[in-house]
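Let's start with one chain on its own, the form predicted on its own, as structure tokens.
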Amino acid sequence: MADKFNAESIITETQKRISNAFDVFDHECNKTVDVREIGTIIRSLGCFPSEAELHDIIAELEDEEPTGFVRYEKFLPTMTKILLERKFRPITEDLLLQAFKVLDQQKNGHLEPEELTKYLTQEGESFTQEEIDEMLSAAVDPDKNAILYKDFVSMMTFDDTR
């Protein structure tokens, strides 16, 4: 009996978080959000799908005929399942730090903005110029004009204590 109550409690709390996140972007208060906001909502809930995975989620959420909006009644069960299955979890701070260390060929504890830009545009899933500019504005230490990646990793990792 306690397990059933606990499971129901977890589902209720999860759905409350989803509802709160959705409501922030439901500007018309009509239980719909612009499809372009779905990635932001999902990430605000601690899930970090790739762009391809996000595209798949959006395709699942949109009705037979895409309108540019996603209805809450479609979003809630999909997002509840994603959260309960702990899909698209962020990588750990240690793993992210290891990745930066691999890129730091000189082993000097930092990357030049040009180096990171090259990696972000030429390897894997390419970043847009806007995404690169946004990341660099947060990542580059203005005094050293370099990315001190230990500090940056600490700043950008997700605290999963919820």
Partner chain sequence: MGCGVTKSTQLQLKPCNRGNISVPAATAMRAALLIQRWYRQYVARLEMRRRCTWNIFQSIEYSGQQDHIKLYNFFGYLMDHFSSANSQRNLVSHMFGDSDLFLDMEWERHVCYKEIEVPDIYTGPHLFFPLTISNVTELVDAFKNKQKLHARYVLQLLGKTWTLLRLMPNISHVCTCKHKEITICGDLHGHLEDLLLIFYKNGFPSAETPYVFNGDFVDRGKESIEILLVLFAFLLLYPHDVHLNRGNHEDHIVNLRYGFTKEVLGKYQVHGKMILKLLQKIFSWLPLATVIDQKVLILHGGISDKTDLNVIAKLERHRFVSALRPLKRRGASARQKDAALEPDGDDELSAGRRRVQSLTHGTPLRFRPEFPRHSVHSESGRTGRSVEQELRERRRLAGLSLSSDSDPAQVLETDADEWKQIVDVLWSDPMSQNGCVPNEVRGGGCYWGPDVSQEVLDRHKLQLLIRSHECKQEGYEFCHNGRVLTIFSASNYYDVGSNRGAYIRLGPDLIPHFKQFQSSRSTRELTLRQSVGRTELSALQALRMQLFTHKSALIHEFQEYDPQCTGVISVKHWAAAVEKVLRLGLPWRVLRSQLVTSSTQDGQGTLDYHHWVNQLSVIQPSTEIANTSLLETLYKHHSNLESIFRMIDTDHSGLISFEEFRQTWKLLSSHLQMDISDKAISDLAESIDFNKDGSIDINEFMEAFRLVEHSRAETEAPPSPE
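Positions refer to the first chain, counted from 1. Just so you know, these numbers come straight off a predicted model, no measurement behind them.
Beyond what is shown, the protein has a form predicted in complex with its partner chain; the following relates to that form.
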Exercise. Could you tell me if Arg43 has a non-hydrogen atom within 4.5 Å of its partner chain in the predicted bound form?
Worked result: yes
For this session: Give a yes/no on whether Lys150 approaches its partner chain to within 4.5 Å in the predicted bound form, heavy atoms considered.
Result: no
For this session: Spell out, yes or no, whether the shortest heavy atom distance between Lys144 and its partner chain in the predicted bound form is within 4.5 Å.
Result: no
Exercise. Taking 4.5 angstroms as the cut-off for heavy atoms, does Met155 touch its partner chain in the predicted bound form?
Worked result: yes
Exercise. Going by heavy atoms, what in 126-150 lies within 4.5 angstroms of its partner chain in the predicted bound form?
Worked result: Ser126, Phe127, Glu131, Glu134, Met135, Ser137, Ala138
